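Given next, in structure tokens, is a single chain: the form predicted alone.
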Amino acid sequence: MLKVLKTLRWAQPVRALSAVTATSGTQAHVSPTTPVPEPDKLYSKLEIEMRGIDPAVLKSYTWFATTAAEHLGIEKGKCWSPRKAHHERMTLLKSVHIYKKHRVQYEVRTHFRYMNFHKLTGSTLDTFLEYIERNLPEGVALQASRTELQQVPEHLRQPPEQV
């Protein structure tokens, strides 16, 4: 499955007769241009934070995302949620001008859920994130942060000179 996704990503339309020059007689020189593919980026970790008001919806969406990751061959890390929700209370006056003692309280509870995925390529990560973002249920917010692997710069690879 991953090989198919990788080959589809790099398949770009290439014009076979992009540079046709007429030479002597009826011969034509054809030089096809082939794009040089960039190496795919590597990511060590993808951290996903989900927020919502219904913990059952968050739990169901976590199951959906982990199942999608298994089908794409992504290594799943920890999935957890804090026991208590974040409470935000607002106290408002019932009347605008008088009756200062009469108030109303409103409360919003926000539940959180966290998921980690490890060892991803750039194309797999983009495909996975697009898929789970398109199927995001109502009332759920998603925040994803990725950690990219990079090569060590050349000036840091060489050992320090002995003094």
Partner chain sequence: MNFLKKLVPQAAAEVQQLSRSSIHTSVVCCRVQSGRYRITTKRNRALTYEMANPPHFIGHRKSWNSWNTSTLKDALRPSQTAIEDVFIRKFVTGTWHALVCSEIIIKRQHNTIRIAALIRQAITPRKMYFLIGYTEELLSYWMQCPVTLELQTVGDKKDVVFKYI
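Since the model is a prediction, treat every value here as computed from it, not as a measurement. Just so we're on the same page, rigid core means the largest C-alpha set that superposes within 1.5 Å between forms. Positions refer to the first chain, counted from 1.
Heads up, the form predicted in complex with its partner chain isn't pictured, but that's what we're talking about next.
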Margin query: I'd like to know if Y106 sits close to its partner chain in the model of the complex, meaning any non-hydrogen atom pair within 4.5 angstroms.
Written below: yes
Next item on the list: Although its partner chain is absent from this view, report whether E133 comes within 4.5 Å of it in the model of the complex, heavy atoms only.
Entry: yes
Check: Should P37 be classed as touching its partner chain in the model of the complex when contacts are defined as heavy atoms within 4.5 Å?
Finding: no
Check: With a 4.5 Å heavy atom cut-off, would you call L93 a contact of its partner chain in the model of the complex?
Finding: yes
Next item on the list: Enumerate the residues of 127-150 that have a non-hydrogen atom within 4.5 Å of its partner chain in the model of the complex, in sequence order, or give none.
Entry: E133, R134, L136, P137, E138, G139, V140, A141
Notebook entry, point to check: Once you line up the core, how about K94: does its CA shift reach 2 Å between this form and the one not shown?
Noted result: yes
